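A single chain comes next, written as structure tokens; it is the form predicted alone.
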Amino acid sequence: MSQHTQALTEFLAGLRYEQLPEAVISRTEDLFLDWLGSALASQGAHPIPLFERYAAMMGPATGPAHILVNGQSSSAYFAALVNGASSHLVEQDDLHNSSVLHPATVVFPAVLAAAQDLGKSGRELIVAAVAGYEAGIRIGEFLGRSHYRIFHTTATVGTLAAAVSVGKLMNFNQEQFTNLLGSAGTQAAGLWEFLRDAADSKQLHTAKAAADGLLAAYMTAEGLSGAKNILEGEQGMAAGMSSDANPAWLSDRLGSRWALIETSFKFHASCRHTHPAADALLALMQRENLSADDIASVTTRVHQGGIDVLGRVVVPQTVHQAKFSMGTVLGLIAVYGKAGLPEFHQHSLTDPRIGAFREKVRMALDEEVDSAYPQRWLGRVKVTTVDGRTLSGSIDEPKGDPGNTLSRAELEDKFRRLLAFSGARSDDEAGVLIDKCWRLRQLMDLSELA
């Protein structure tokens, strides 16, 4: 085992709630509420009922852990599976920029299911989630940009992040964390090819990452051994999944840099790669008092990672695929001024104005934007107007980024809108859940969150 993996496992084993700054604790409560809203927003939406039926067929009739979208109970494994799938569907879950990882959708399904199974408190869940975020983000940064080009980082790295969170909940020592990473890492999988076919694999990715991470932790607790050097070994993850891995990221400022605080909230209901351009176009249109009909063409200057993911979708065939179409997202921004769940579901595939605007949009690789990525996601657009003007718009921090974050009031509003969209809970019930999330550190019985 290298010094960097050793430092990471030592940090995870020694992490205590008392070490966490207040900003980290409160941010974890923010992230938990945001994740819970994303999970409940997908109630009844394809393909989530498929996961529910699978859990009903293969899992126990009842159990200690709760499936959020249907209120039923099951084993921790199947609750993590369904909740992992449901929280990554509506494209409203959080993202960490430099690791290009969606931590919440893999960490919270696993750690909540295990906490309900093991009778743990909200305080114990918080420190476990922090461990999952800190490890997952650093592993994502370690694997680098080359990994993300082929592999869905939230699926691969997410398996390890979920495993670490459950391992922390079980109070693993350093040796157990080493074995845990080995068992989680050897299961890590998830490929971007699904985007070309509008396939449902993205939800399978997060479902399996959460459930397999939980599996690795429970098996490690029983004594299962894992590869000691799964991250950096000659036949480990970096060797097979990256060409630019940098082991120094694994131990980067452990205990002083709280990477969880760097996580961004999603404002628009689309792939995060579209958000910088969407914010830049919206700001430009407001500044110049433009309508969609005033615009002849839009060039979005983007990083290569955005082209790799968004370039696969030319004419979207499903609502979910539309969220990975730069032209569709910018069309919704131009015509409706927003790209939320109602806009996607009511207009993205059927409004001819959106289709027409999509044809006006192209992406171009920009050296400044690309060199800043993934640490910073810059938004740069060039608009040509119908009357012949050329206008530029730019933003350096998309709405939701740490320097342009959502306040608790904005998070509450987002949560209520997500639940209203799916009808998963009434507004009064949403208020009760909000109150419990803001008191997460005080909760002794996490079944209250069902």
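This structure is a prediction, so every number in the text was calculated from the model and none was measured. Sequential numbering from 1, following the sequence displayed.
The next section is about a form of this same protein that is not shown, the form predicted in complex with a further copy of the same chain.
Inset, instruction - Among 54 to 62, 378 to 386, 403 to 411, 24 to 32, mark the stretch whose residues have heavy atoms within 4.5 Å of a further copy of the same chain in the predicted complex. - result: Among the candidates, contact is made by 54 to 62.
Inset, instruction - May I ask you to choose, among Ile333, Ala115, Ile230, Leu260, the residue with a heavy atom within 4.5 Å of a further copy of the same chain in the predicted complex? - result: The option sitting close enough to the partner is Ile230.
Inset, instruction - Scan Asp308, Asp294, Glu368, Asp351 and let me know which has any heavy atom within 4.5 Å of a further copy of the same chain in the predicted complex. - result: Contact residue from the list: Asp308.
Legend entry - Residues Leu50, Ala189 and Met241 all lining a further copy of the same chain in the predicted complex, heavy atom within 4.5 Å: Yes, the whole candidate spot contacts a further copy of the same chain.
Inset, instruction - Could you confirm whether Thr318 comes within 4.5 Å of a further copy of the same chain in the predicted complex, counting heavy atoms only? - result: Contact with a further copy of the same chain, no.
Inset, instruction - With heavy atoms only and a cut-off of 4.5 Å, decide whether Phe172 touches a further copy of the same chain in the predicted complex. - result: Judged by the heavy-atom cut-off of 4.5 Å, Phe172 is well away from a further copy of the same chain in the predicted complex.
Inset, instruction - Please run the contact check for Asp212 against a further copy of the same chain in the predicted complex: heavy atoms, 4.5 angstroms, yes or no? - result: Looking in the predicted complex, residue contacts with a further copy of the same chain include Asp212, since a heavy atom lies within 4.5 Å.
Legend entry - Contact of Gly122 with a further copy of the same chain in the predicted complex (heavy atom, 4.5 Å): No, no contact at 4.5 Å.
Legend entry - in the predicted complex: members of 147 to 180 within 4.5 Å of a further copy of the same chain, any heavy atom: In sequence order, Arg149, Ile150, Phe151 come within 4.5 Å of the partner.
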